[in-house]
Structure formats: structure tokens, C-alpha cells
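The data below hold one chain only, encoded as C-alpha cells and taken in the form predicted alone.
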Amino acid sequence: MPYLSFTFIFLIAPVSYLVIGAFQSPDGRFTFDNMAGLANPQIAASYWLSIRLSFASALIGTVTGLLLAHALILGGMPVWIRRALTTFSGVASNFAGVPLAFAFIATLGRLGLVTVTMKDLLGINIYGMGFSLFSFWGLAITYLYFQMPLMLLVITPAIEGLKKEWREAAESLGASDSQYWRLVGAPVLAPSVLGCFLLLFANAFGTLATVIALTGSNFSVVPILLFQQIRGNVLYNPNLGYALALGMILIMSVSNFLYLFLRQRAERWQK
């Protein structure tokens, strides 16, 4: 009963409120205008920007997290290093918002430690070369701070599930290391890797605090546009904000559904 009550109060009731509000006018009448408003060029561009940013950060986080997990588990690392990285990943995967934005400004901002050090010691001016922390790729790198540790935590059980007998059988049949990974390891890990990518995509898609703390409201991703519609003074239209939130819920629901489906397939391989 406590669990069901908690789920109803903090999940079912808010989502139901958003769904109802998305199909209501400010005076409470039923309307499709809010959902039709999602086709507005500004809103459509905001969704496309969020999708591209989430895709890029999820892809980079998946690749780097997978390589890190492979080195950590199959690379013969000492146990204490593995424990330390796993513990750090548990903290870093939940580190976001204003503290993360400040940390990256102090590190990779125009007067950040790494920026100034590279310029003074190596003569490399990354901002003169076109890089900016407050751009698309700057945000993608910032997201990487919590995406890569999350990938490490989620993919670790799948890599540990690769049985030694499979490699031994492949080697006994004359397979090389590349053949083992191409014909055995990669197909077994593929559902887990794709599922983790979808999980990272959904994780990045709903991020608000980091973006707004780093760029203000100048980077118009969907969460910022939603915030402006519900709490803003100029674009105030709560019902359109509910429609924006409903669109986000649908996108993340599809991502999570596919993630659960792929996870079930991965678990079936590893039984």
C-alpha cells in the first residue's frame, strides 16, 4: 500500500493531470489546439534540437562507457581500481544541475583551468579554434560527465555475463580475438548496448537544470521551452506547456519501452 500510494501520488496523478491539461483550453473547454501547437516551427525546432543533443550525448556516452567497462572488467584492472571507479560512477551518474554547470565553467570556460593551462603551456586556444562550452557540442561534453558513468554501471552486468566457455570454445575452433567479438561477443552484447543507448537518450532528453544553469534560456531545448510556458511571464500558456510535457513523456516512454524489450532479450541470451 505505501508503494502503490507513492506511485499514484507522484507518478499516475501528475501524468493524468498533464494529459487532461494538454487537451483543455485556459477556460477548461476540451480542445486539440494545444496538441496542434506542437507543430509550431519554434516548438518543432526545439524538439529536434533536444533529440539531436540527446542522441549525440547518448552515442558518445555509450561508446566511451562501453570501452571503459571493457577495460575495467576484461582488461585485468586491480580490484581496488574497479571498486573506486564503480563507486565514483554511482555518484557522478546523479551529478547534474548548477554544480555540474559551475564545475565545467571553472574547467572548460573561457577562463577555466584547462582552457588557460592549454593556452599558456601548449599554445592551444580551444576557443580560438571554434570550441565553446555554451554550444551544442559543449553541452554534449557536459552531459558526458553523467552519461558515461551511467553507461558503465548499466553495461557492467552484461559484460560480466559473457561466459569464459564461449571464448574458449571459439578459440578451440580456431577463431581469432576479432572473430570472437564479431561473431559471439558483439551479437550477445548488442541488445544490452542498444538498450543502454536508449536509456541514456531518455536520461539526456529530460535534463533541464544543467542546460539552464550553463546557457540560461538561450539554448531552446524542450524542457526550457516547457518551463517558459508554465512559469514564464512572456510565453505563459500552461496548457501548451502540458502538451509539451506530454510529447516528452511519449518520446521517453517509447525509449524506455524499447530499453526494457532489449534488456529482456539480453537476459535471455545470458541465461
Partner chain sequence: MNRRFRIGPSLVTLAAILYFFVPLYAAFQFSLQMKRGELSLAAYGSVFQDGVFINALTFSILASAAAILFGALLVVPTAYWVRLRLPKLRPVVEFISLLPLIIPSVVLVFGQIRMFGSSSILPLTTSDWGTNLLLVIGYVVLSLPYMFRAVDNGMAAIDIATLTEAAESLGASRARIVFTIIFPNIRAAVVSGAFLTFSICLGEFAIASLLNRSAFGPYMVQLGQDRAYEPAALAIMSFALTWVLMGLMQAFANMKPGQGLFRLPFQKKSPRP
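This is a predicted model, so every value here is computed, not measured. Whichever C-alpha set is largest while still superposing within 1.5 Å between the two forms counts as the rigid core. Residue numbers count along the first chain shown, from 1.
Keep in mind the form predicted in complex with the partner chain is missing from the figure; the text below concerns it.
Enquirer: Can you work out which of 190, 170, 71, 126 has a heavy atom no more than 4.5 Å from the partner chain in the predicted bound form?
Expert: Spelling it out, the residue with a heavy atom inside the cut-off is 71.
Enquirer: Note which of 114, 175, 184, 194 lies within 4.5 Å of the partner chain in the predicted bound form, where distance is taken over heavy atoms; exactly one does.
Expert: Of the candidates 114, 175, 184, 194, 114 is the one lying within 4.5 Å of the partner chain in the predicted bound form.
Enquirer: Any chance residue 231 has a heavy atom within 4.5 Å of the partner chain in the predicted bound form?
Expert: Yes, residue 231 lies within 4.5 Å of the partner chain in the predicted bound form.
Enquirer: Find out whether any non-hydrogen atom of residue 136 is located within 4.5 angstroms of the partner chain in the predicted bound form, and reply yes or no.
Expert: No, no contact at 4.5 Å.
Enquirer: Heavy atoms within 4.5 Å of the partner chain in the predicted bound form: does residue 130 have any?
Expert: No, residue 130 sits far enough from the partner chain in the predicted bound form that none of its heavy atoms falls within 4.5 Å.
Enquirer: According to a 4.5 angstroms non-hydrogen atom cut-off, is residue 253 in contact with the partner chain in the predicted bound form?
Expert: Within the cut-off, so yes.
Enquirer: Can all three of 30, 32 and 38 be found with a heavy atom no more than 4.5 Å from the partner chain in the predicted bound form?
Expert: Looking in the predicted bound form, the three residues 30, 32 and 38 all stay beyond 4.5 Å of the partner chain (heavy atoms).
Enquirer: Pick the stretch from 51 to 59, 38 to 46, 238 to 246, 22 to 30 whose residues have a heavy atom within 4.5 Å of the partner chain in the predicted bound form.
Expert: Within 4.5 Å of the partner lies stretch 238 to 246.
Enquirer: Quick one: name the residues from 1 to 24 with any non-hydrogen atom within 4.5 angstroms of the partner chain in the predicted bound form.
Expert: Going through 1 to 24 in order - heavy atoms within 4.5 Å of the partner chain in the predicted bound form - the hits are 1, 2, 3, 4, 6, 7, 9, 10, 11, 12, 13, 14, 15, 17, 18.
Enquirer: For a quick test of reading the superposition: does residue 241 move by 2 Å or more at the CA between the shown form and the other one, rigid core aligned?
Expert: Comparing forms between the shown form and the other one, the residue 241 CA shifts at least 2 Å.
Enquirer: Rigid core fitted, then: does residue 9 show a CA shift of 2 angstroms or greater between the shown form and the other one?
Expert: Where the cores coincide, residue 9 still shows a C-alpha shift between the shown form and the other one that is 2 Å or more.
Enquirer: State yes or no: after fitting on the rigid core, is the Cα displacement of residue 20 between the shown form and the other one at least 2 Å?
Expert: Indeed, residue 20 is displaced by 2 Å or more.
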